[in-house]
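Okay, so here's just one chain, in structure tokens, the form predicted alone.
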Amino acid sequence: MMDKVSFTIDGLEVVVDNGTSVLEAALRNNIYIPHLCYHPDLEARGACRLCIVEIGGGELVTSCRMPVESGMVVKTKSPKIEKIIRPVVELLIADHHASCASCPSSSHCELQKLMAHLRIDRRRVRRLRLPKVKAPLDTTNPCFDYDPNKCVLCGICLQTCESIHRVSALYYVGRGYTTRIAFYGDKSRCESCRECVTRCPVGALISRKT
């Protein structure tokens, strides 16, 4: 088995370790591919479906779960890709928290990166926002608060908790549009490591001052 694999991404020839995913290879070479549910310390799940790329003759795949193959040709931008991911991102933005100014994740928020990458005008997509009452802050966890108005349900917090502690203090509750992240309720399950807070891509988890 080869230790290194050579492939082409957006016209650039890249050599990476065998077994590297397309998304990992792109990010390591300063090529941005939209993503929300990916974290380098966690197993890739392809849940957000935003890291789609074209390979070969136009086949669409999730780059976080696609290992690089020798001679592979990858395109990260095309009308076909944008047609799929733009509506998803616009709906996420429309349903997201109204203001970025007071958010602790402002300037390093993955959703802001997506908006800039796709050149989305946030004011234009406001009309897509469903009328609803702002959801209250969930303060049941002993070391952080959860803001459901900012959450994009990427699952990174759940996966982080499970991977580090082998048991999750967080879980999904509700169905469809009402789905939220909830604290399990048993404080002994939470180790207060705050890794879930650190890895949250959109600032939905807010660490409390101790």
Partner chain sequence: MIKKQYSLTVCQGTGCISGGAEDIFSSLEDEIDRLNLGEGIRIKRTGCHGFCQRGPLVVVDPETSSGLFYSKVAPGDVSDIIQSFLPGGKPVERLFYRDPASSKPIPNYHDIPFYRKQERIVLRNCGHIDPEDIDDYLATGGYQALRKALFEMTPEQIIAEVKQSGLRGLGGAGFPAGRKWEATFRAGGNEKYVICNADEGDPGAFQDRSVLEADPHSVLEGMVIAGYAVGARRGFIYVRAEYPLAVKRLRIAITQARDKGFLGRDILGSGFGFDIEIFRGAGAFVCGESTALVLSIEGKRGMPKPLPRPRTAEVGLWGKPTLLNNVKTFANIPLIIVRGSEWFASRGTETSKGTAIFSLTGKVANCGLIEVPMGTRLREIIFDIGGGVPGGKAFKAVQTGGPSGGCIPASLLDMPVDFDSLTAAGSMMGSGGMVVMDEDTCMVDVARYFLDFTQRESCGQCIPCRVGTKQMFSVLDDITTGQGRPEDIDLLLELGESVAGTSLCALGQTAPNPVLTTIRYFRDEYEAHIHEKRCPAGVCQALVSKTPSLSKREGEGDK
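The term rigid core refers to the most C-alpha atoms you can superpose between the two forms while keeping them within 1.5 Å. Numbering follows the first chain given and starts at 1. Bear in mind that the values here come from a model prediction, so they are computed numbers and not experimental data.
If you look for the form predicted in complex with its partner chain, you will not find it shown, but the lines that follow are about it.
Engineer: Taking heavy atoms only, is Lys113 within 4.5 angstroms of its partner chain in the predicted bound form?
Structural biologist: Because no heavy atom of Lys113 falls inside 4.5 Å of its partner chain in the predicted bound form, the answer is no.
Engineer: Contact between Arg126 and its partner chain in the predicted bound form at 4.5 Å, heavy atoms?
Structural biologist: Arg126: yes, in contact with its partner chain in the predicted bound form.
Engineer: Is Gly176 one of the residues lying within 4.5 Å of its partner chain in the predicted bound form, judged by heavy atom distances?
Structural biologist: Yes, contact at 4.5 Å.
Engineer: Please tell me whether any heavy atom belonging to Cys48 falls inside 4.5 Å of a heavy atom of its partner chain, as the geometry stands in the predicted bound form.
Structural biologist: So Cys48 counts as contacting its partner chain.
Engineer: Considering its partner chain in the predicted bound form, find the one stretch among 135 to 143, 70 to 78, 102 to 110, 87 to 95 with heavy atoms no farther than 4.5 Å from it.
Structural biologist: Every other range fails; the passing one is 87 to 95.
Engineer: Which residue, Ala169, Cys157, Ile52, Ala26, is the contact with its partner chain in the predicted bound form, using a 4.5 Å heavy atom cutoff?
Structural biologist: Flagged contact: Ile52.
Engineer: Only one of Ala182, Ile31, Met66, Cys161 has a non-hydrogen atom within 4.5 angstroms of its partner chain in the predicted bound form; which is it?
Structural biologist: It is Met66.
Engineer: Just to make sure I understand: among 148 to 171, which residues lie within 4.5 Å of its partner chain in the predicted bound form, judging by heavy atoms?
Structural biologist: Residues within 4.5 Å: Val152, Leu153.
Engineer: Taking the rigid core as the frame, does Lys80 move its C-alpha by 2 Å or more between this form and the one not shown?
Structural biologist: No, the C-alpha position differs by under 2 Å between this form and the one not shown.
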